[in-house]
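This document opens with one chain alone, in structure tokens, the form predicted alone.
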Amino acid sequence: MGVALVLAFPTMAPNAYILSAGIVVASYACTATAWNFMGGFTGYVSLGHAAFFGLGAYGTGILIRDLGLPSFVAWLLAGAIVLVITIPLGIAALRVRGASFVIVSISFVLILLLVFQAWGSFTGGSDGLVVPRPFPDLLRPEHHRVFFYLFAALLAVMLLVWWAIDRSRFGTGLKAVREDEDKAQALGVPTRNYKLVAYVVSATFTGLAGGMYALWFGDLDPIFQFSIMLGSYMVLMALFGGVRHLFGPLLGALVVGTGLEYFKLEFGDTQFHLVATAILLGVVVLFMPDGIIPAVQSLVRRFGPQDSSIREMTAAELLEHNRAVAAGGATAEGTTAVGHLERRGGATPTEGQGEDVGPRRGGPGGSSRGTSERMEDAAPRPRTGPEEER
């Protein structure tokens, strides 16, 4: 059903603006899902993921402009560059946790913002960078339609990878890091390596989303590409839907992204959309800390049909059950008593009824000494006394 709606959206959109807004929401869904590889699995909150988005976007544009590479070859190469940059950055950043990690992530995106604004000869500076369109012969509506499907395909790949990790041993290790990193490390989980892999995967997918945005929009501005607000939107969308659920970031992007586009359309260049975003974030943190999907699931379990903890039985079934239990208990007691007597060498209750068996000093239950004594008693003894003298 959801796949059918996604595929039908470009044809259902009434105008080009609605279609372009759908592409923006799809890009939000990609970035939020990419962020969730790190934030959802490990619990490390990064507000600086816009740095990877900007690197992917500018890397794609610069490779096309300076090297003349085909658009999608440059896009893939930019993603690989983001991957390589993230490895040493992750080794350094993941040495800290909690608020310190958040500060490190914000510092990185602010440094890149200053560098890309100041290095005008290479990045275009504050004037921005124009990226050539990959399909120059298409009209704008067809261009939007193609890129909507491209974003949807990228999102499908991310969801598939997230699903595979969630059900793997690697994913179990990441969840252990999220619940208690020290205990996970004590149990032998290579927490540092696992966190680094998750960080690199998250950053690479974010960079690919940024490169796709550059190919679609075509006009890059460092203030937007390296904006802390963009990283905050990723966190808000993932938290809103539920970071522990596969479709949580997607749902959050649909709600929050649609709301952002609506407020921008209704209130123009005012900052009202930021106020609405802050209010929404406060509501989510206070009343739905685990997200919408877990909250709805909890309500369904609470008010839906309940499974009875006690099995309902009729009087006849209860009587039959008690008889079976009593019979089984009696049989078990008898078997235990018989086995105990046999181990001790005594007679069982059914053995030798009506006979005077007497003590069994010889044989398997007695000793060889008892047997020899009985043989001596049965042997004839020599007579003594007056008759012997005669």
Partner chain sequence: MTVSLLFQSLMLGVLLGGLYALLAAGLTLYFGVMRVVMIAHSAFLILAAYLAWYFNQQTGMDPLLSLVVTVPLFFAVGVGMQRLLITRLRPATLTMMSVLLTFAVALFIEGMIGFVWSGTQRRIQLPYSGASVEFFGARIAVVKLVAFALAALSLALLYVLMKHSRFGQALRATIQHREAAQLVGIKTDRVAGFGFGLGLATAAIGGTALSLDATIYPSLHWHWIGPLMAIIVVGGLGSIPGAAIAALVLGVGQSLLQVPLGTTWAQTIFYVALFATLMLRPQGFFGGRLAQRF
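Positions refer to the first chain, counted from 1. Bear in mind the structure is a predicted one, so any value in this text is a computation, not a measurement.
Not pictured, yet referred to below: the form predicted together with its partner chain.
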| property | result |
| --- | --- |
| 4.5 angstroms heavy atom contact with its partner chain in the predicted bound form for residue 95 | yes |
| 4.5 Å heavy atom contact, residue 149 and its partner chain in the predicted bound form | no |
| Contact label in the predicted bound form: residue 290 to its partner chain, heavy atom within 4.5 Å | yes |
| Distance check, residue 182 to its partner chain in the predicted bound form, heavy atom within 4.5 Å | yes |
| Interface segment, criterion being heavy atoms within 4.5 Å of its partner chain in the predicted bound form, picked from 133-141, 164-172, 77-85, 277-285 | 277-285 |
| Residue among 37, 44, 58, 28 with a heavy atom within 4.5 Å of its partner chain in the predicted bound form | 44 |
| In the predicted bound form, the one of 119, 247, 72, 262 near its partner chain [non-hydrogen atom within 4.5 angstroms] | 119 |
| Partner contacts in the predicted bound form for 205-244 (non-hydrogen atom within 4.5 angstroms of its partner chain) | 228, 229, 232, 235, 239 |
